[in-house]
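The chain that follows stands alone, in the form predicted alone, written as structure tokens.
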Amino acid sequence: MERRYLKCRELSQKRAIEIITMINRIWPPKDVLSEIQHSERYIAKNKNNDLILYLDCGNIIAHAMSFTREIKTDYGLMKILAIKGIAVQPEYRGNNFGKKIVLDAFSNLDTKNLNLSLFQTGVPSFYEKLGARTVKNRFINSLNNEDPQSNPWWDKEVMIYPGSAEFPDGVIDLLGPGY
């Protein structure tokens, strides 16, 4: 088993296609584009984001992405670690790869000198076991020209890690779309 850390911009198109194929296998896309179109958009959109890949015999079996994001709270701007795209190939599940890759992503809190990670999930119990907790704030995206007051998240739960971190009450402006 091999673990690689890299920036998205360092991906070859072949690797990007492999990641998108895996992600589409787990979360089928709503819009149908070719894998090549997805990979080009994936690299361009995420070029400065950090990737963690687990490989088995050269094939990607797990993926996580993290990046620094600034959010606006009632107390001012706050930098957080965002995580997204957590995925493990179905045939590798049950072997702690999900736990390992998420903890690897959370380790960027130290390297980036940040206090917490903010993310959405449909599986909160998984993250609670790792030390995260749900937050109940109202979230908006003031940069959304169509409906700046709408919730930018699509999953039911929004969480922070570590769960012991202080998180402000009140409305949180993501200053961009959900991730």
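Computed from a predicted structure; not experimentally measured. Just count from 1 along the sequence shown to find any residue number.
Keep in mind that the form predicted in complex with a small molecule is not shown, yet the notes after this line are about it.
Contact with the small molecule in the predicted complex holds for all three of Ile26, Ile86 and Phe126, each having a heavy atom within 4.5 Å. The closest heavy atom approach of Lys79 to the small molecule in the predicted complex falls outside 4.5 Å. Heavy atoms of Gln120 reach within 4.5 Å of the small molecule in the predicted complex, making it an interface residue. The small molecule in the predicted complex comes within 4.5 Å of a heavy atom belonging to Asn95. The candidate stretches are 126 to 134, 39 to 47, 66 to 74, 143 to 151, and the one lying within 4.5 Å of the small molecule in the predicted complex by heavy atoms is 126 to 134.
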